[in-house]
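In the form predicted on its own, a lone chain appears below as structure tokens.
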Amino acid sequence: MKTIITLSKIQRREIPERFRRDDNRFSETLVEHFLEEYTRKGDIVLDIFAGLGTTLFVAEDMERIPYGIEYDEQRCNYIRENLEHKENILHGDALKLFEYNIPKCDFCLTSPPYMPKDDIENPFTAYSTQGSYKQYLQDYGKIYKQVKQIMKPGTTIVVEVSNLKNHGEVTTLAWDVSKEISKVLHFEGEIVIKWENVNTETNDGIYGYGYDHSYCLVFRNK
């Protein structure tokens, strides 16, 4: 397993105008890389924070079977309108995974909604309710205890996340998330994703959050 890889942060799929201002999709190149590395055709691929469906769409393109959960109803409906396996995207809450009829999965890839340490809006409710950074981290444990039961034994779970710089303060989000999930799943290490600048004039392709890289945290369901 390489510990540093370079990818282009590009999106080939057009999305409706209403989603463009908050377009926080991870790159299709990232999904392609990890599906090539950890899955085969016909495998079931899970994304518990489906967002605008990048993991699910790429999985279908690569002849995998996608399953996803998305809290935001508008985003969920957009995915369902464009997914071949329309019944496999569920409008729901990652904290309630056991309530959904999700089959045993072969691979899980997601990028969770981020939260700076001083924020009070809860990312797991699409920022519609208040919360705390402490509770946010504790919720990872609750979520991934359920993920562990959904995943087949020996399978891989990848979480793409970044530390955050904001007004001179750093939230060590990647380290904090890895610590919480490690209480449930075996942590195999991090892969640094160095994002290429695909447009030197506009800086398109720089990751954001004060960094030009992110981390893919790799866990095993032992």
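Keep in mind the model is a prediction, meaning the values are calculated, not measured. Numbers for residues come from their place in the sequence shown, where the first is 1.
What follows is about the form predicted together with a small molecule, which we do not show.
Enquirer: Is F107 close enough to touch the small molecule in the predicted complex, meaning at least one heavy atom pair within 4.5 Å?
Expert: It does not: once the small molecule is placed as it appears in the predicted complex, F107 has no heavy atom within 4.5 Å of it.
Enquirer: Can you check whether N88 is within 4.5 Å of the small molecule in the predicted complex, heavy atom basis?
Expert: Although the small molecule is absent here, N88 would stay clear of it in the predicted complex, with no heavy atoms inside 4.5 Å.
Enquirer: Taking the shortest heavy atom distance, is D72 within 4.5 Å of the small molecule in the predicted complex?
Expert: D72: yes, in contact with the small molecule in the predicted complex.
Enquirer: Is the gap between F34 and the small molecule in the predicted complex 4.5 Å or less for some heavy atom pair?
Expert: Judged by the heavy-atom cut-off of 4.5 Å, F34 is well away from the small molecule in the predicted complex.
Enquirer: Pick from 163-171, 178-186, 49-57, 36-44: which stretch has non-hydrogen atoms within 4.5 Å of the small molecule in the predicted complex?
Expert: In the other structure, the partner sits against 49-57.
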